[in-house]
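Provided below as structure tokens are two forms of one protein chain, presented individually as structure 1 and structure 2.
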Structure 1
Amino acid sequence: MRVPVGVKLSAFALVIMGSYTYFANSIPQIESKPPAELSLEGGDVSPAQLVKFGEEIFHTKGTCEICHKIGEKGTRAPDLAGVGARAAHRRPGSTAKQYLIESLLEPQAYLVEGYPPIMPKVDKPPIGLNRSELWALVAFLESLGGTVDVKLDDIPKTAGAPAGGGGTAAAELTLPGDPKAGQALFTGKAICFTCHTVDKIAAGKIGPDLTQIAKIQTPQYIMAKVLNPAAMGTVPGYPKGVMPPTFGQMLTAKEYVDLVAFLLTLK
């Protein structure tokens, strides 16, 4: 009996698929997990452990070192060497820990001379530190020339989302724009690439590096900066008045939303 060609092809396809499935299942699988939240509430932690946790947050989730340096001047924000000691004298009537906590939760309350109000609230998106992480970060900052005496009770209970997902974090703003179209505008009509650096896309040096801008700035800041750059202040180390205030006239509404959507991908 002759077997129809279609049947032969179907059987052959099943054998091939089975072989690929067996091969794929034989490869060790790598599970990708988001970074774990730090939770210290109710735990017994020493000042040294707290400082160590805080230093890790400074370099990772807190994204602090994108703007701040320790022992050298950064281009966006003040050098933090010795900040634990300086914080005690920064604002009359405030202790070091009070000033540091305020600087993280309400960074616009007091501005260091020469620096614009560009720091976001670190307990809100895009950074979103929880109360334990804020506690550890303050301890680390205190350790830079000062005395570590911050307690969890010093951090407002309303700060951040409770560790472990027990609360509701503020929803991040999402735009209906097309990031790919926005990238084309960045390297084309909007000519952003002539002044700004974005990894593998642009290497301008006149304006600040935007490679991780969405990791350290809110969507609201980015949207406002495109339309009215002077009102948002100038990053130290860069000339004032260079960024044109005419993008609201140069770009259509769709182009503006596309450009911002692209900038929000830069994390």
Structure 2
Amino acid sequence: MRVPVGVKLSAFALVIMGSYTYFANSIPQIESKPPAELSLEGGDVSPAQLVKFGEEIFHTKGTCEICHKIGEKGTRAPDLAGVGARAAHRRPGSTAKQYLIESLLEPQAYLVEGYPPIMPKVDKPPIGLNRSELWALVAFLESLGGTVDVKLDDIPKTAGAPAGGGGTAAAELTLPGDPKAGQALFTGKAICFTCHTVDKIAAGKIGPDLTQIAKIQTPQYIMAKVLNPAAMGTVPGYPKGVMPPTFGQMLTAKEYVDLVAFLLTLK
């Protein structure tokens, strides 16, 4: 049967959109439903399609560009151009695929020389990618100079935010602190405002702008940075040893928790 070209095209677009939503929202479904659910025009999802999904996640939900540029050296993180090729040689005994998966799930397991341990585990909040998103993202990273060979089964079953029903909000970390009290500390007794900018609240210029800090850093990092700045590395482009190491002594336990609760609202 002959189908007019327009009809064919829009049917194709629908299948693509359908599988994108499918990818973004589901993991168990991918495993339990027949592969036909994923197929475009009857075949399995192609590496090229997977790479496209991964690229989209890189630019949107993954928030990778806050730190990484492709083809341009960022101040915070390595240029990811060619990472699909060099991943094969990063860690003796690891294939490119294994290294890339590890860099997303356990970023501190291998630190690229000259960079601080600031990359968050991207399957945990606040980024919270699910397994199928991780799969696509690894395919995209492999495509940057390497061979796309990642399978869903390569992504550990334990990885990823829970799927389904919007998923990621479920694991949001909350602290018992009082963000309002924390804000007052930030702009008062704890003197953070003298060095840091937070939109509409503080305008310090000596340290990094913290307006979106909870979006780019994990709660663990933020908590540790306040108590022991040097142990968390130095943000590239900023002076070392300037952030005071004395907040642990200066703040009471309640003040510290309030302050962190405030910082976690900055996103």
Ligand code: HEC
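Counting starts at 1 and follows the sequence of structure 1. The term rigid core refers to the most C-alpha atoms you can superpose between the two forms while keeping them within 1.5 Å. The structure displayed is predicted, hence computed values, not measured ones.
The chain as displayed in structure 2 is taken from the form predicted in complex with this ligand.
Relative to the superposed rigid core, the position of the CA of Ser103 differs between structure 1 and structure 2 by less than 2 Å. Here Ala88 does not count as shifted, since its C-alpha moves by less than 2 Å between structure 1 and structure 2 after the core is aligned. If you fit the rigid core between structure 1 and structure 2, you'll see the Cα of Lys151 move by less than 2 angstroms. The two forms line up on their rigid core, and Phe247 then has its Cα shifted by 3.8 Å between structure 1 and structure 2.
Core fit done between structure 1 and structure 2; CA of Cys192 shifted by 4.7 Å.
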